[in-house]
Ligand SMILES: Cc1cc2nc3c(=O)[nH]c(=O)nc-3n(C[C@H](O)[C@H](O)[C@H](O)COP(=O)(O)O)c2cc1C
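Below sits a lone chain in structure tokens, taken as the form predicted on its own.
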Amino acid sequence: MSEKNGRWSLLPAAGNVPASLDGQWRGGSQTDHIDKYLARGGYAAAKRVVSEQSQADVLGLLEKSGLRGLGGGGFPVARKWRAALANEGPRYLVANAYDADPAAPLCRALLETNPHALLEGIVIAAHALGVQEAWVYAKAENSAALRRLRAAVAEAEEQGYLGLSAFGGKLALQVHIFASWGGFAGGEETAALEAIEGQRAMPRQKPPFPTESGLWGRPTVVHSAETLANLPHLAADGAEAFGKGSKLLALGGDVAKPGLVEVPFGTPLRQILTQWGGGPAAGQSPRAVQIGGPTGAVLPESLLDTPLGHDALREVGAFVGSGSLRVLGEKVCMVDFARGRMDYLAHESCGKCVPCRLGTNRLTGVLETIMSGLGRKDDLALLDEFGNLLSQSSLCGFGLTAPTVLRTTMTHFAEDYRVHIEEGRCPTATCRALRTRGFERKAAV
């Protein structure tokens, strides 16, 4: 836990870009061993909470800080905990460390370099929620992260920070690790519950919400690993020093320094790209950014002064999502970009609900028609109709947010769609069919 930007950093690595998006770690110190973590004050906050603070004290601290979930939804943590506490136990806790977005390996980086921060956060949450069993749900292919997490759990048990007699008998807490194989939809919170119960990792119908009926029908609190890893910092520093907190982001696309960074909430997107990302890639100028992963919104350059925050992004039709921030240069065709995203989402749909299973494929097909030069003006209305169907009737957040990339490109880059349909050309010369000379355009515009 290194000092950074006035607070402890979740990723204790040297420099502003601790990890690259190609899966290779780029150096820096690690606190995956408990001796290193303890030397930096690790588990001191948890010890004080377990020994001196009541459930009401911890909830009061959460409410004062306004901490919200960092897994994408931004739901207030204190409100979720109160909803779970309103139901009789036993209660369970699940740390969702499943990186659904392959371009944003935030949990993998956290588990590889600072797993004890997550475990200490689990201890604090378990004390406040009256939980005796917790699970860490992670991707099976992240072998190094799982290996270090298992070692960290063993170390914490040996030193008395986990187990049936943790902290001198003041806490009984067992932490289980569940490794899951799956696609994008496997990271949804109810899909995680299904997997832990031994079922296929597919989302459940809500309500009931997990805080009412989660694992084996019992009240269950599901948080992202990043959310729980922030609890030791909050407990140690207090609400005022903690401030708005920070967010791990994965910078990618047409940016000079792609990688993982930790950025304070409230920082404008433009500053993130220039200060942490080193500005646009050579020979490029940013045309837009996509924030929130494959289902995230595409914001034009004119909105880059929007600060990083749940409410501020919601005002412009975006959300934090997976923590991915992808820069789109001036040579990116927005119709082609939307098609690529919709094609990926169609492939990653779990297929449980009809609107998502069919809707994502249908939207991809309409976009491919427009890119081929056979698009019609009516196709825009068709895209809007199918997008509304997905966002209103899909089973989980995957399908509900899937049309976001389509809607935001149609809103902010309507000219790209118009040129494809009315003029039969691609403004960035990206679409191969529209670059072919002499093709006969058969669509009636």
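These numbers come from a predicted model, not from an experiment. From 1 onward, residues are counted along the sequence shown.
Although it is not shown, the form predicted together with this ligand is what the next lines describe.
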- Could you tell me which of 66-74, 374-382, 404-412, 47-55 sits within 4.5 Å of this ligand in the model of the complex, going by non-hydrogen atoms? 66-74
- Query: For this chain shown on its own, do A100, S224 and T227 all sit within 4.5 Å of this ligand in the model of the complex, going by heavy atoms?
  - Reply: yes
- Exactly one of V320, L110, A185, A156 has a non-hydrogen atom within 4.5 Å of this ligand in the model of the complex; which residue is it? A185
- Query: Here the chain is shown alone; which of R341, K80, R326, H233 has a heavy atom within 4.5 Å of this ligand in the model of the complex?
  - Reply: K80
- Message: If we define contact as a non-hydrogen atom of the residue within 4.5 angstroms of the partner, is E189 a contact of this ligand in the model of the complex?
- Response: yes
- Message: Given that this ligand is not shown alongside this chain, does N142 nevertheless sit within 4.5 Å of it in the model of the complex, heavy atom to heavy atom?
- Response: no
- Do Y37 and this ligand share at least one heavy atom pair within 4.5 Å in the model of the complex? no
- Do G387 and this ligand come within 4.5 Å of each other in the model of the complex, heavy atoms counted? no
- Let me know which residues along 375-399 have a heavy atom within 4.5 Å of this ligand in the model of the complex, or say none if there are none. G397, F398
